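First, one chain by itself: the form predicted on its own, in structure tokens.
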Amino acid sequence: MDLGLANAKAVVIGAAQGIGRAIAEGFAQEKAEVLLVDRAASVFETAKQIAADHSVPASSFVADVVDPTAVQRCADDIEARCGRIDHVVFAVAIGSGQFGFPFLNVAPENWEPVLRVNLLGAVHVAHAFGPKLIATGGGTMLFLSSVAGQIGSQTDPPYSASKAALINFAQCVAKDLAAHNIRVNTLCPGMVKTALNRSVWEAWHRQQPPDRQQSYEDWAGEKVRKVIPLGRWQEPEDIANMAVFLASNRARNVTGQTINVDGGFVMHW
């Protein structure tokens, strides 16, 4: 399906691997120019690979979202290179590395790093790139949250709280930028095999007595069967497909929404 994104300028922050990389690939498949941002130097190789695989311009930039000055410099550099910015995706997240059931397992000092990346990182991105989208005269901004931000997941309370706050912040941004023809949405993955998902298992595994320990595959497989009505993993490409659709004009009346790609994990009624 041609989504009309050819030659659009799409910035994906957190694009070196995982879901962020899949989203960058999704834009490249639609023949958009992709601007990959990550704190990891591996983003340079990722950009080269995407450019070769899809025959589109792909550039890379190193910036850490916790540093507002670095994020602003990155936004300025991208605008100077491209002339305009059409779409921005925030696909950055960390967990606390603790198994948070009960929440008392997670010391207060373990909260701050998670909030700094998952929430304040998004704020820094919105402040740096929002004016660029206004200057373009329209566009989209997408924040990757999580189903954990909707259900009060006890697995990692700092992560869940940061993702809930991100949903709320995105709605504020959507209201503010709607007058500029800029659509802002939040996308919530369910169970995806990423490094972050595996870190949740590692935190759980460390706290279990030997007779209760499970391999990652067994632990995750059991969780998928219990909580996902469709009974299967979500893949990074599933998230990317929705992200790219939301950037297209086919979603021109979709803003301020929280959209789940989760196999039915969260159902509201």
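Just count from 1 along the sequence shown to find any residue number. Since this is a predicted model, take the numbers as computed values, not measurements.
Here the subject shifts to the form predicted together with a small molecule, a form of this protein not shown in this document.
- When the small molecule is considered in the predicted complex, only one residue from 196, 123, 178, 167 comes within 4.5 Å through any heavy atom, namely 196.
- Taking a 4.5 Å heavy atom cutoff to the small molecule in the predicted complex, the contact residue among 75, 114, 133, 144 is 144.
- Among residues of the shown chain, residue 230 is not one whose heavy atoms approach the small molecule to within 4.5 Å in the predicted complex.
- Within 4.5 Å of any heavy atom of the small molecule in the predicted complex lies no heavy atom of residue 129.
- Although the partner is absent here, residue 247 sits far enough away that none of its heavy atoms falls within 4.5 Å of the small molecule in the predicted complex.
- Taking the partner from elsewhere, residue 163 is found to have a heavy atom lying within 4.5 Å of the small molecule in the predicted complex.
- Contact with the small molecule in the predicted complex holds for none of 4, 138 and 251, as no heavy atom of theirs lies within 4.5 Å.
- The chain is drawn here without the small molecule; in the predicted complex, the stretch among 150-158, 168-176, 187-195, 102-110 whose residues come within 4.5 Å of it by any heavy atom is 187-195.
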